[in-house]
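Take a look at this single chain in structure tokens; it is the form predicted alone.
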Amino acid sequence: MSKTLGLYISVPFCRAKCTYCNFASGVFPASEHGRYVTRVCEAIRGARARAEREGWCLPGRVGSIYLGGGTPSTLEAERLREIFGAIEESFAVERDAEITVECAPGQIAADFLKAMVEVHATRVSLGVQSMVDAEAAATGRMHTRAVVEEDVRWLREAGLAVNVDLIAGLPGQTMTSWMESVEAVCGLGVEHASLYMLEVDEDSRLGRELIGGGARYGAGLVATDDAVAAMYEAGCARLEQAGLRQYEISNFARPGAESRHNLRYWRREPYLGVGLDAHSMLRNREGRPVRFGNTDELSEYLAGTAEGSAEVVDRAAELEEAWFLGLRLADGVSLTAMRAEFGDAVARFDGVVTKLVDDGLLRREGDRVALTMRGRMLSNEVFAEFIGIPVFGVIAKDESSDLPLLTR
């Protein structure tokens, strides 16, 4: 396990709410920025005292920092400096720490870019979603392809690595327009890309319209599951061809450019989430994982009632997590490492693994078990097979619902 900490800082502010988004983010008055950042800085400075009070082990050295949201680039440059000032007061940030800031194309002010360089940011994640202007506009994005290309150019000139997000299955999207976006990303020469298959959630505007049968946000134009799966498979193949290796279900990188912060989640390494709806995983003095999260209501967060209750992950649930988080990685899980950590209980899953291999959803090569391409597209169904297996004398329960797996 890593001896360094990952810090996730949630910034919930956006200039516009995307139709498909169900995150705890939105359009709030700029006057709230200062109050919010003050609360975030208080939480950072108070993290050590809270950990000692609760009996959690909080590493003092930080190996990765991720500002997500929301759109952190909506903050004023000085607010970004305040956050990093609090981090540097409270933790020892490693000299080679990976520091990521999520930004919206066309919404990166020159002084904000300067501040990112000053706080030693190393990469930017751009929420592009589509390089086809009409598709982007239809979902509430405020950029064009030309804006994305210009942003990538000047971010890289500033010495920052770049990730670009794309979503397969947007309303009105076709295989042709999808591959136009993928080709455009390949042409940018970015170090990292993330491909997501659209998931329509009932808490998003698009989801509510789909349920209610409306037409304002294009719910009737959402592609079928089979069409989305075909887009995803074609996109994966093209990125691999362009030198971006798939290392996780949704993530692709050039050698050495994998997101170290995201890898913490899938490897079950410690991370501390600060801000609205931010989640954490630390360990207690007995070495057990402890998960906890903050409120998703901005008014509650600003009022100082952010902290939710912590839950110690029992041994059975931890083993389940080891399976379904590890299987998100292209390299899969090592059975030798699993047995070293969990002992004979791993054998209880032999039947599940055999069944999924026979169904073409998993592949087994020597010591390792990994998802096939079909398994990646049906990953939720695969992961469900590892939940509820009797181990350690109890029925394991699902602890996965709050895991932050969509950072880029």
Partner chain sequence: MDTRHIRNFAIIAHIDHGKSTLSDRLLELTGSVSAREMQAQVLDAMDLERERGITIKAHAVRMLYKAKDGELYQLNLIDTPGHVDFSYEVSRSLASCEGALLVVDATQGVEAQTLANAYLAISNGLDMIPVINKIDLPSADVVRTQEMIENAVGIDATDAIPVSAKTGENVEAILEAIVHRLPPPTGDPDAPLQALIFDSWFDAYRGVIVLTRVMQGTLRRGARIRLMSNGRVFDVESMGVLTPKPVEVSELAAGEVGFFVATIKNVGDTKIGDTITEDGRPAPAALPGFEDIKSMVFAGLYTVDSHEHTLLREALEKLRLNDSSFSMEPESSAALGFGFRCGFLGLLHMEIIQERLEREFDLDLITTAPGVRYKIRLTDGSEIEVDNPSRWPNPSEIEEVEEPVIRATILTNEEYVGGILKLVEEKRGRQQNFEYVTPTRVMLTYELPLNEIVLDFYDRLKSVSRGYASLDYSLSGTWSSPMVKLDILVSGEPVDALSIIVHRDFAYERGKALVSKMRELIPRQQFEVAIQAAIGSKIVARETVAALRKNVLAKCYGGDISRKRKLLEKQKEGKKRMKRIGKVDIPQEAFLAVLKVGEDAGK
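Positions refer to the first chain, counted from 1. This is a predicted model, so every value here is computed, not measured.
The same protein also has a form predicted together with its partner chain, omitted here; what follows describes it.
Checking T139, S250, N163, T74 against its partner chain in the predicted bound form, a heavy atom within 4.5 Å turns up for just one residue: S250. Proximity to its partner chain in the predicted bound form, defined as a heavy atom within 4.5 Å, singles out one entry of C186, V147, V312, L325, which is L325.
Of the candidate stretches 117-125, 236-244, 257-265, 90-98, only 257-265 contains residues with a heavy atom within 4.5 Å of its partner chain in the predicted bound form. When contacts are defined as a non-hydrogen atom within 4.5 Å, all of V228, H279 and E381 contact its partner chain in the predicted bound form. Though the partner is left out of this view, D359 does reach within 4.5 Å of its partner chain in the predicted bound form, counting heavy atoms only. Its partner chain in the predicted bound form comes within 4.5 Å of no heavy atom belonging to R45. Among residues of the shown chain, Y271 is one whose heavy atoms approach its partner chain to within 4.5 Å in the predicted bound form. Of the heavy atoms in R374, some are within 4.5 Å of its partner chain in the predicted bound form.
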